[in-house]
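Given as structure tokens, the chain that follows is alone and in the form predicted alone.
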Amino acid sequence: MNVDLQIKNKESISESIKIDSKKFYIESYGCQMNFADSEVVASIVSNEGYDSTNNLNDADLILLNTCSIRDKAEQTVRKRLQGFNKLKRNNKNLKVGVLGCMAERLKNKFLEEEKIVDLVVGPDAYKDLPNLIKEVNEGRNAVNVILSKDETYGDVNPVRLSSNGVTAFVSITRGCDNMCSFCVVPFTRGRERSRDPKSIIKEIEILVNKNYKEVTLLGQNVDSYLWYGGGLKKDFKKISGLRQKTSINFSKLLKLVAETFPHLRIRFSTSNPQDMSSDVILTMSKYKNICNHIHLPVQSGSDDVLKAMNRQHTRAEYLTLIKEIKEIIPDCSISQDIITGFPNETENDHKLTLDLMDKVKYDFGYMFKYSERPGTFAAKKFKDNVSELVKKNRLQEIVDLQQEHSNFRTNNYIGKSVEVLIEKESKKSNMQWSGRNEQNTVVVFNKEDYKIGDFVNVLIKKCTSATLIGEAINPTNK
């Protein structure tokens, strides 16, 4: 065979491989858990011969990992789906799938309401994706939204999507047993179950070997993590005394991770007030590589509203927990979730929320108007009777007060040195790096000779309510 023919054949083979290669595109909405789940999905789909793409026009399979926590989140997804109509007209082989909480909530109804959708997959059914994709490629719609009592995806090594190569999420629990009256999560993600600590350590070890510098341990409620060999948490009391003694709770897991990876920065989210123990706070104080930040949703400062929300903690208990955290870890930052305009919330209830905020002075927070979610206890038992105008005004007052408190907290850093892990280039200037200190506050400073993944001591010179601005002193050489 002559050289020219060999070259042509190689080009032909290369072109054939290029044509046969399938690509998937995935978008995530909502909480950090959804973004972590998308990395599990990416791993499973990649094993089916699909390559990841960031270009919608190149995709043979588009997946939206959805959120149902508020109606606005669902409307965002529906609007996004409408935008795919043109793509489908141009590519008859394109398949569109909806994953996550919205898929679980609507199930087969999704296929009826959104004709563009080919497959619907709930949070516990991602391992069935190979079968479901095969079905849609054969011309049939496919649905699997069966909730599991034991699936944790502990045996799946996630593909880090759009990773900075420095920070990563590691899921440690799935589901939730708390049954807050406003929340759809127990219905869309199922009962609470914890992941085998060995699989958690193995996943983190892989990340460390790839030179990742920080992990965030994730769960709907990390403080209720409990491993005693598998199974639902509600069954824990039924097992033998020996297994109870050898069980691993969240404080033990934190200790295990901190000691196994002493040079790795560790975060966790989300905590619930009724489940956070003194042991967790003491463990945080003992290990320097566990970041001093706790996301501690309160939702309301009124006991009447908290009771209606089925939050399982009172205002006084919450404030006592805050006091304990600050006594043990004085420089611990605390962030919040607050919902305003819950059914029957009075002006006095609202003022109690503002008063609680004044007492805590959160570093930052996530604040929302109440959004009725179908199927929840609140939707069934309470009339959504706080007007949109009142909700809007109350939310603005909460946001304004949080802005004031955030500004107070960031100003306290001026003149102090903080340790920053460089994560990316600053959004506002390509001459600056951006990272976070251990309190989870964003810090920007001039690039100089530093690089992504470096730990750097930064002297804070000025600030906004959300960002610290400073000068690098020297790397901490971690």
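Note that residue numbering follows the sequence shown and begins at 1. The shown structure was predicted, so the numbers you read here are calculated from the model rather than taken from an experiment.
There is another form of the same protein, the form predicted in complex with a small molecule; it is not shown, and what comes next is about it.
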Q: Please pick, from Leu421, Ile69, Val418, Val40, the one residue with any non-hydrogen atom lying within 4.5 angstroms of the small molecule in the predicted bound form.
A: Ile69
Q: Name the single residue among Glu113, Asp279, Asp331, Asp337 that comes within 4.5 Å of the small molecule in the predicted bound form, judging by heavy atoms.
A: Asp337
Q) Exactly one stretch in 293-301, 74-82, 258-266, 137-145 has heavy atoms within 4.5 Å of the small molecule in the predicted bound form; which is it? A) 293-301
Q: Consider Arg373 of the chain shown here, and say whether it contacts the small molecule in the predicted bound form, taking contact as heavy atoms within 4.5 Å.
A: yes
**Q.** Partner contact for Cys183 in the predicted bound form: the small molecule, 4.5 angstroms, heavy atom
**A.** yes
Q.
When the contact criterion is heavy atoms within 4.5 Å, does Gly219 count as touching the small molecule in the predicted bound form?
A. yes
Q. Is Lys95 close enough to touch the small molecule in the predicted bound form, meaning at least one heavy atom pair within 4.5 Å?
A. no
